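Considered here are two forms of the same protein chain, supplied as structure tokens in two stand-alone entries, structure 1 and structure 2.
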Structure 1
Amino acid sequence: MSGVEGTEPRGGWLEQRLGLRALRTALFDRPVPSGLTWWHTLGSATLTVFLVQVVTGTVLATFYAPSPDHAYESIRFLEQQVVAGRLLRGVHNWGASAMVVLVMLHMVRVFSMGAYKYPREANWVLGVGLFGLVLAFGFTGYLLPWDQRAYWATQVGTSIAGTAPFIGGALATVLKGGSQLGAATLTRFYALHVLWLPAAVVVMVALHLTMVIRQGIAAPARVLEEGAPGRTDDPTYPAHHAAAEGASKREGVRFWPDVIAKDVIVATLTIALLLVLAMAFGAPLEAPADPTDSSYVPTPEWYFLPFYQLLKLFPGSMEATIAVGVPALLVLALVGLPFFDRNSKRHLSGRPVALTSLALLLGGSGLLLGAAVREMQSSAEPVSGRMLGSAERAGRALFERQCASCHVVDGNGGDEGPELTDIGARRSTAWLHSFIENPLNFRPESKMPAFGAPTLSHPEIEEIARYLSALRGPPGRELELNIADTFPEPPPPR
């Protein structure tokens, strides 16, 4: 027998079985093109936030009870009783928004540099799919706190899904688990959020990273454009592309440590920012979901607001068309982009159609987002600047229909009755309720008609009274309470 028989080959036991050297070379020792910027760290920053979401979400899931009877209380328990529970939920909440922002910025960077073109068409399509999964994460996670905002925003979202032609009814039923939002809906959204979607993301991220490692990081646009044929489907283009990227990599640096150092810096700053936002603002939690409170005005998460606002610009007869057509066209355009854009120009300045399209999309989304935020602010706050609850918002709607033609509130309304901008500082809710029911009991000479039944129901008058009691002066000048109620004497007994 040979004297060396039975010894391990060079590299040891693990190297023989796992080939760690080859893996290290593929991941860290690979050359990258010269001229990479900080914008190229967006991909690794997105991956970092995803890992943060996995860790925080796993811990949150250990305290969460996915049932309508216990979901809200489990969130309250987490925030109030669990050590660092509020911080943990805040990081997860802000991480969701960070994922959306980073994926969008990453896609804009790839689009602007033409990096979706040959030979990276398939990776671009994977990126579009990952963006859709990130939005699905946001939609399914929104319901889990089971508070008012979560319940009613999901009600709107599933209703929009139900407008899809042919499959709308079935899709809404599948999402809800029935005809109404309830225990089945919460269970399905929870399963999607913590099981199905993470599994899909892990598979797609693995494919995405494999392609990035296999194909390498795209060289700067100017390098690939120099001396290139006019189109990427030209038979000579693959050879030109390989030569240009090869030359750029020979003049470039190694992924480790030159490029990964930037990735680590950006990842660290991203995590630090999430911690700061979580400590400063936490995560929102409104009152428990009340399916009977139809007066609640739902608002989706900020990244759905532009689409939500767009639907309001069209009449109801067109809403279903816009709700389904716009997302479908956008997805088709993004998926088909690398296959119909065969021009070898990559820099955005040399692609006027692409530049115009990007400006219109980002500019239009920004305008719609701004309009939605302004509308939310005007609907959430009365003229006195105080935040309104659901009953007060319902009361304001009734006031605008029944009373605004006669009464001024902060300069708006009719002048037949007295101004009510600060009525809440002078009268209690009970007094206002009684007065609205029958003003003649208080002032026999009053010209104001009685609004008691059958004109308005008792709950409707209570909602108006609550709204009026929130009016305590113009914005920024809320008056101190100086209640001076005088109720009429009850009639003498007969």
Structure 2
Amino acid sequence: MSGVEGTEPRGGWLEQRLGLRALRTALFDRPVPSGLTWWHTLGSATLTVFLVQVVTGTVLATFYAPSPDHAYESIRFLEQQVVAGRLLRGVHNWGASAMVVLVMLHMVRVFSMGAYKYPREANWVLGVGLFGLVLAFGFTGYLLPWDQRAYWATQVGTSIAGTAPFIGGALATVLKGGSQLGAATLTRFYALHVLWLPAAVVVMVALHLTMVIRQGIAAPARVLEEGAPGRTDDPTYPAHHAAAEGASKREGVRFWPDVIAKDVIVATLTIALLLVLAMAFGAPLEAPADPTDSSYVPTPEWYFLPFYQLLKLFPGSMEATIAVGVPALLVLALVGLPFFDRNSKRHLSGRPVALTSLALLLGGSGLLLGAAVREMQSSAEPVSGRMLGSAERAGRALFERQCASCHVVDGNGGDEGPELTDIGARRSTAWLHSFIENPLNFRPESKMPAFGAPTLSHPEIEEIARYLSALRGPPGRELELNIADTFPEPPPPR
């Protein structure tokens, strides 16, 4: 080191030109209060997963074709032909869920420690905004594979947006890029997902972190509560707060190397978990979107399920009110929180109202999520490996009454006729329909009774045929479609 400070430039070639040392000091050499918990690592873990999403998303975008005709195929290609394509998509898919979980836990941490109170109100509001952006990423990303799940969940999502008072119609049209969910919607969602939302997140994260660095990490609750005036809007509060945080920082530690170790451990474990989940489960991809198949039962991403389930609890006439009212109230409560809660108590044990509200919100969402999952399981058909549509479910009920006495599906049923567990892989819906109507047309010796009218109506037979079409073999061992139908010769013309 040479020279007296201020008279000669310090540092090496790069340092003289960029002056990065100040940045390094601000980022890593800052004082932090001692006694930080593992809960304090959630913010940096969220940032890490966001970077994972940026990297995997960039590679995914390299292979993705954002048009209804090619989107699905491009993802199939990525999964089947590109080295580590399946893994990449899996990480991005699980990373999305991890973002939501981590942001929520981080918010619960900040809430429970009262760290949103004076002087960090603005940063809390920024955080709420970032949470909204994460959900918007989830919603827009869900459509991109353009499979049945994507198409129908987005159909539901945009129609919920459409029920908003006054702006609903316009909102739905803006989201969809027209009156129909189609090519314009996909382009729009893609642009939002890869351009608008990332840009917004980067700006807001930069502000969020700048404020964290400038204001420092909040001192532990008990330090700030000691001898504090009752309310944070008390004129003496700022002086008290500055003294308490200053003392806590002087007695505290440095971010580097004392605190960063915990952050690195949690971030590494999170990434490892993402890799394991991606390898084990990949990312879902159903049949290509079929806008005519209105029997498909849509399922939103899991973190929208509690809300979705809540909507189901109310009669149709109230749905619009709930669909708009509940999210609006939640946003209002979250944004308003630091402004109406001016009590200087920070630890959750001294804040009964906060504790009760948190318990109700988390408990209620948990119950709703549980109910939604249970409902999905009871309507899922294990044999087909996916949720059944309403027509297919009606078909299953008919099948159990009329056919299960002779046919086995997935281990249950009589054995007079052949097992049908994988019939959908071998026969088309049309063939099944005609066969069920009158097996004798196909096999003159058939021992199977004809089910055509008057036994079953045409729509009923169609429902059964659709149900059978969904059966592709036992779970995990579904067969590829291999349909070789032969229809009986039509009677010779007279």
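Here, rigid core means the biggest group of C-alpha atoms that superpose within 1.5 Å across both forms. None of the values given here were measured: they were computed from a predicted structure. Residue numbering: sequential along structure 1, first residue numbered 1.
Shown as structure 2 is the form predicted in complex with ligand HEC, with the alternative form given as structure 1. The rigid-core alignment places the CA of His70 less than 2 Å apart between structures 1 and 2. Here Gly413 counts as shifted, since its C-alpha moves by at least 2 Å between structures 1 and 2 after the core is aligned.
Core-superposed comparison between structures 1 and 2: the CA of Arg426 exceeds or equals a 2 Å shift.
Core superposition places the C-alpha of Pro444 17.1 Å apart between structures 1 and 2.
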